[in-house]
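One chain comes next, on its own, written out as structure tokens in the form predicted alone.
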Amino acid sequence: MMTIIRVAAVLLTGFFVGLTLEGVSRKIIARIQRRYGPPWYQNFIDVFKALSKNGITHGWIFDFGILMALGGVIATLAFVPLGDLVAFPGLDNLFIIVYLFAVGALGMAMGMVGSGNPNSSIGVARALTQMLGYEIPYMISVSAVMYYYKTASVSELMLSQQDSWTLLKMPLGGIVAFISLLGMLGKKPFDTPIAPAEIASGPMVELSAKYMGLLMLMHTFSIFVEIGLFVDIFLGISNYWTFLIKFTVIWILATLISSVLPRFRIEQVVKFYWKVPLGLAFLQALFVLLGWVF
């Protein structure tokens, strides 16, 4: 029973806090662009309104892909510690989280390609190509952290930072992880898979009504997984409330950076990730192997 309550608490936190911060980020971007912007609760209105309508389906592959994407991300979030709120103590292993998160990404790709729209296929291809760019430096950076602390448990990684944050011990690895995080979130300059002016929002081009609502929920939960892992691994030990504060700071920082940068082309994304972040990741891993950690 306690496990069910903890899982529910994690998912409800992801839902309410995630949608709230997405609304706040829209407000921040609007003010930077000298607009008033929508109210902070607009995303709640959009999700509930979308889920209340019947959309156009493109077959069972399309439907199953969306459910697989949302289910994979929900399952992943359940294993991510939110500070001291851990739904599955002892099972919050990074390898499990990465494996489950891949299920959501594959479901998204399968469902959107099943729509038959060429813009959707182009968006999926760009997303998978971009993933190839940022995943390699990100995993090298995280692998260096796991090697240093001798554990793959996210909870133990947090507890190991009682004396100092990993971001301070391994600054290069933290910078690489944050740059990779921008790619995971699809923030500029790494919003190439969406690119509304080029490919009509890419994977989302054929989504409407309840399908769009489900995708919005998937996006919200994905944000919590990606930023939550960064906070847990690099920003020290946290309780539930300090975790949310750190999460908010990182989310707003990513929003501010995104609001003032132009978009990369897809080949520029991969070249950038395989030059600067990948080089810094290898350098940080070398420092860890040599014991040169602050």
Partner chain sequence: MGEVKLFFGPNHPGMHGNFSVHMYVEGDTVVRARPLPGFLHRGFEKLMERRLWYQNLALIPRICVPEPDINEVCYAMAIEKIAKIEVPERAQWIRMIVLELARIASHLMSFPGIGGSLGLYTGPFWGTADRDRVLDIFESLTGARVYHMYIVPGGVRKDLTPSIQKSIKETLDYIESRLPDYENLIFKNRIVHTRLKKIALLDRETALELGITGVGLRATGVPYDIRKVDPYLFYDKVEFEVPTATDGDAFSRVYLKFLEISQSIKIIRQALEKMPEGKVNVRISDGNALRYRVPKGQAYVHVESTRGEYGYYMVSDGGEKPYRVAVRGASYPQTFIGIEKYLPGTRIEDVPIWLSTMDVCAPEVDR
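Numbering follows the first chain given and starts at 1. Just so it is clear, the model here is predicted, and its values are computed rather than measured.
Heads up, the form predicted in complex with the partner chain isn't pictured, but that's what we're talking about next.
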Location of the partner chain contact in the predicted complex, chosen stretch of 174 to 182, 154 to 162, 216 to 224, 190 to 198 [non-hydrogen atom, 4.5 Å]:
190 to 198
My question is simply whether K169 lines the interface with the partner chain in the predicted complex - judged by any non-hydrogen atom within 4.5 Å.
no
Report whether the minimum heavy atom distance between Q130 and the partner chain in the predicted complex is within 4.5 Å.
no
Give a yes/no on whether I122 approaches the partner chain to within 4.5 Å in the predicted complex, heavy atoms considered.
yes
Taking heavy atoms and a 4.5 Å cut-off, does Q33 contact the partner chain in the predicted complex?
yes
Just to be sure I understand the contacts: of L235, L229, I250, I266, which is the one whose heavy atoms reach within 4.5 angstroms of the partner chain in the predicted complex?
I266
